[in-house]
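Just one chain is shown here, as structure tokens, and it is the form predicted alone.
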Amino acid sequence: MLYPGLTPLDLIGPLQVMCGLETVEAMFGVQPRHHVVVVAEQVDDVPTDTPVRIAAPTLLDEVPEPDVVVVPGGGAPTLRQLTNPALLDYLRQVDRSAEVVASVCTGSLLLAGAGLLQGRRATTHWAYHRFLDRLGATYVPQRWVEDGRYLTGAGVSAGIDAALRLAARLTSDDLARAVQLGIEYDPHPPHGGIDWSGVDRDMLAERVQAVAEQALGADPTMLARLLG
């Protein structure tokens, strides 16, 4: 799902994995079960939180019952979508029939804002974890979290991990590994992995309150929900 202001990698990472799954299925002679589409409220290109703009070829109403939905995240623009009834209503609608409901980064806040994660374990970008809790979910500080048919990924690049898990869930571990090989997802960052013991999630969560205040200043009810 595409909306204005999102983080491009939140969308493109899982999109690349799922399109890769279509290719791998064809290579292995497996009858594809899924076809990937990108949907939005409008087909015009929209801004992202980088200099690039992105357009979806398909309207929300054209895909009323997807088997799977993946919701990307972002910063203040994503929080503003918490007051977008068209988007939240669409999520509630597709939730009734979807096999898997997934998100990347703060996309889980939109799932929670639509009432889909009430009492469920989920993850999000670590700096926004308090908002997820206040919207009724239970934050779990993991790269990706499954709770029934809900699959949530942590911040930005974790969307690739979550999408590979989604690919395995829809097909098999072997096909998911083939997709991973195809996109050469074998991260070795130059500074090593993150030392989470040195990250104060709560301190930095305080700082993103200003982001919420900026994004939702015109909606004091939703802002009060996020700030507690």
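These numbers were taken from a predicted model, which means no experiment stands behind them. For every residue, the number given is its place in the sequence shown, counted from 1.
Beyond the structure shown, there is the form predicted in complex with a further copy of the same chain, which is absent from this document and is the topic of what follows.
Please pick, from 93, 84, 138, 157, the one residue with any non-hydrogen atom lying within 4.5 angstroms of a further copy of the same chain in the model of the complex. Contact residue from the list: 157.
Answer with yes or no whether residue 212 is in contact with a further copy of the same chain in the model of the complex, where contact means some heavy atom within 4.5 Å. Residue 212 lies outside the contact set for a further copy of the same chain.
With a 4.5 Å heavy atom cut-off, would you call residue 124 a contact of a further copy of the same chain in the model of the complex? It does: once a further copy of the same chain is placed as it appears in the model of the complex, residue 124 has a heavy atom within 4.5 Å of it.
Check whether residue 205 has any heavy atom within 4.5 Å of a heavy atom of a further copy of the same chain in the model of the complex, and answer yes or no. Heavy-atom contact with a further copy of the same chain at 4.5 Å: absent for residue 205.
Using a 4.5 angstroms cut-off on non-hydrogen atoms, would residue 15 count as touching a further copy of the same chain in the model of the complex? Answer yes; at least one heavy atom of residue 15 falls within 4.5 Å of a further copy of the same chain in the model of the complex.
Looking at a further copy of the same chain in the model of the complex, is some heavy atom of each of 76, 101 and 117 within 4.5 Å of it? Not one of the three qualifies.
Which residues in 178-209 have a heavy atom within 4.5 Å of a further copy of the same chain in the model of the complex? 180, 181, 182, 183, 184, 185, 186, 187, 188, 189, 190, 191, 192, 193, 194, 196, 199, 203, 204, 207, in sequence order.
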